[in-house]
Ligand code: SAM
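Starting off, we have a lone chain in the form predicted alone, written out as structure tokens.
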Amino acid sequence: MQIVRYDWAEEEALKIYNMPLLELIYKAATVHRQFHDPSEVQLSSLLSIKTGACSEDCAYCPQAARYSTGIKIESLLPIEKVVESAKNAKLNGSTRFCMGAAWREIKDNDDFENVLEMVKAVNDLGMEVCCTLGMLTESQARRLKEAGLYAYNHNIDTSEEFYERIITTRTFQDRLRTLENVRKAGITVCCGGIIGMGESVKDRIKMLLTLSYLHPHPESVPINALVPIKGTPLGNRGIIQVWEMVRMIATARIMLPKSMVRLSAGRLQMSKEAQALCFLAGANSIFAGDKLLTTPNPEFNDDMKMLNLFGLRTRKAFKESENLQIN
């Protein structure tokens, strides 16, 4: 029986990642069934509520102002348009709605007040509301919680050692500080990373170790494959092999057994067979909808057909909270 651990050693994690592939998938699938209903998948939708002109220099991101990527810059969307998108997402089966803004950090201004209203409005629809707005303070996190925010996404992206090769405009510790502020406010944490940026396997393991040392573990862990965007510093990198994604998801499932592991960016490049392996290896959450902020994603109908083919059903909203109340 697997237990929830906060003391994984690097050698242990590397040994897990490098297991024979089928044995690794079997082990991860066993752990998955111990902690989760293997027939459930959480459907989340992601909307860019403010696009482009970001002051950060994240090497993978087309929204950085310093890169020429052809992204159409858009100011904060009207609340009505956001609510309409959330309603459509709910009709299509999504139970979590995530709003992303290309900001380095939240400013205490009218835009933040509007975001708080968006959170309240989407929460009123009975959906889990998630935001990814950059760095935030304790007081801002508390206000988001009071407005009804359920989850906050703030990825650490990679290992602390490799991080400075990807981002220089904020530190790895800045990211961890934001996660602390989210936790203090009582908001669930959504935090993962990206593979395929030129990092080593050891970097991938160190990223998972960082997440495993957080107490409690993040409730949601997105595993992203780099989608190379022309005009960014990583725009010429190739697409990673699906086996790397499967290994990463399986290792995350074993090390973070209670977390929802989200098969995120890069899914459009994966066959249904490849995605089936990821679900078998412990992925139990996906982004549904035709776009992830600014990058393409499979459409709702295609995803529903795939889930039906695999015999998977959608997880209802707030199940996490219900389980906490029961326990």
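Given the structure is predicted, the values throughout are model-derived calculations rather than measurements. When you see a residue number, it is the position in the sequence shown, counting from 1.
The next section is about a form of this same protein that is not shown, the form predicted in complex with this ligand.
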Exercise. Even though this ligand is not shown here, does H154 get within 4.5 Å of it in the model of the complex, heavy atoms only?
Worked result: yes
Query raised in the report: Does at least one non-hydrogen atom of W103 fall within 4.5 angstroms of this ligand in the model of the complex?
Result: yes
Non-hydrogen atom contact Y60 with this ligand in the model of the complex at 4.5 angstroms: yes
Q.
I'd like to know whether N181 contacts this ligand in the model of the complex, with contact meaning heavy atoms within 4.5 angstroms.
A. no
Exactly one listed stretch (107-115, 205-213, 239-247, 127-135) reaches within 4.5 angstroms of this ligand in the model of the complex by non-hydrogen atoms, and it is 127-135
For the spot marked by V4, V41 and R96, is every residue within 4.5 Å of this ligand in the model of the complex through some heavy atom? no
As a check of understanding, the residue in A89, V82, I187, A225 with any heavy atom within 4.5 Å of this ligand in the model of the complex should be identified as A225
The one residue among I229, A141, M255, V119 placing a heavy atom within 4.5 Å of this ligand in the model of the complex is I229
Near this ligand in the model of the complex, with a heavy atom at 4.5 Å or closer, the residues from 165-190 are R170, R175
